[in-house]
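Next up is one chain by itself, shown in C-alpha cells, the form predicted alone.
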Amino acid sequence: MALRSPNLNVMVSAARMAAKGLIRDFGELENLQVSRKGPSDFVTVADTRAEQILKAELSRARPDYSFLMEESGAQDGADKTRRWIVDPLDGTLNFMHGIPHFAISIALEEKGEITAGVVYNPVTDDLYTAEKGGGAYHNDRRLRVAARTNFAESVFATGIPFQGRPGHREFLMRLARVMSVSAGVRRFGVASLDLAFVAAGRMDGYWEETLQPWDVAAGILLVREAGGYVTTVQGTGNPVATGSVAAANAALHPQLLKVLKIDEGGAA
C-alpha cells in the first residue's frame, strides 16, 4: 500500500466527500437542473455543488492555500506559493447522458510545480493518485506505463475540440495521421481519465490541445510518476500552462510527436 503524505490524504478525503453528492445526482439524472454555459459546454447543479464541497474540505485542512477552480476561477490565499487546481466534474457531458465515465481531478501546485495529484471516478471507485518522486497508484497498486514500443500496435486516446473552438482542421489532420499508423484511437471525453489510463498502461498514449490546467494537472503527474513522458504537442513549453498535451512511454513519445507534427504551411 502506498504511503501517502498529509496533503495527499487531504486531497483523497476531499474527493471522496464530493463524490457522494455526484453519485447521488448521477442516480437521479432526470431531476437535475441543467443550464447552458456555452457551446457544448454545460454546467449542472451537481458540478457546482461538488466544487463547493471540495473547496470547503480543502480550505478546512489548508486554510492558507490558493485555488484555481473550473467554476469559480483563481482565488489567492495567504500562501500564494501553493494552490489547489481543481476540476469538480471532468466529463460533464458524459455525466449528463448517464455515461459512468467522469472524474474529480485535484492537483497541488507548489512554487509552480505539480507535486501531488488525484483523479477519482466516483461511480467505478477508481482512485488514481501520484506524488512527485513517490510514484503513481491505482487503488494502492503501483502503476507503470505500457511497455509497447511499436506504434502500429499501439492504441491512443484523444479529445475532439468542442464546437466553435479553434483547431478543428489541425485536429482532423493529426487524427487521420495517427489512425493510419496505429492500432486505433479512442475518444472518451475525460482528459484526466485519459491520462490516468496512460499511466495505468491501458492506453499507450494520448494527445489533446485547448485544455485547461484543471483538466490535466493531476493526470500529467500520474503519467510522469508512472514512468511516462508528457510534453506539449509541439514538444516545447509547459503542458499545464498551455493546455497542449502529448503523453506516452519513452519509446512511443518521440514517435507520437513526429506523427502529430504539422509544418508552417499547415500540412501534416
Ligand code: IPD
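Numbering starts at 1 and runs along the sequence shown. The model shown is predicted, which means the values in this text are computed figures rather than measured ones.
Note that the form predicted in complex with ligand IPD isn't included here; everything after this is about it.
- Under a 4.5 angstroms non-hydrogen atom cutoff, ligand IPD in the predicted complex has R165 among its neighbouring residues.
- In the predicted complex, ligand IPD lies farther than 4.5 Å from every heavy atom of R169.
- Contact check for E208: a heavy atom falls within 4.5 Å of ligand IPD in the predicted complex.
- Within this chain, R141 is remote from the site of ligand IPD in the predicted complex, having no heavy atom within 4.5 Å.
- The stretch from 178 to 186, 78 to 86, 91 to 99, 108 to 116 that comes within 4.5 Å of ligand IPD in the predicted complex, counting heavy atoms only, is 91 to 99.
- Between the options A157, A191, V145, A136, the residue in contact with ligand IPD in the predicted complex by a heavy atom within 4.5 angstroms is A191.
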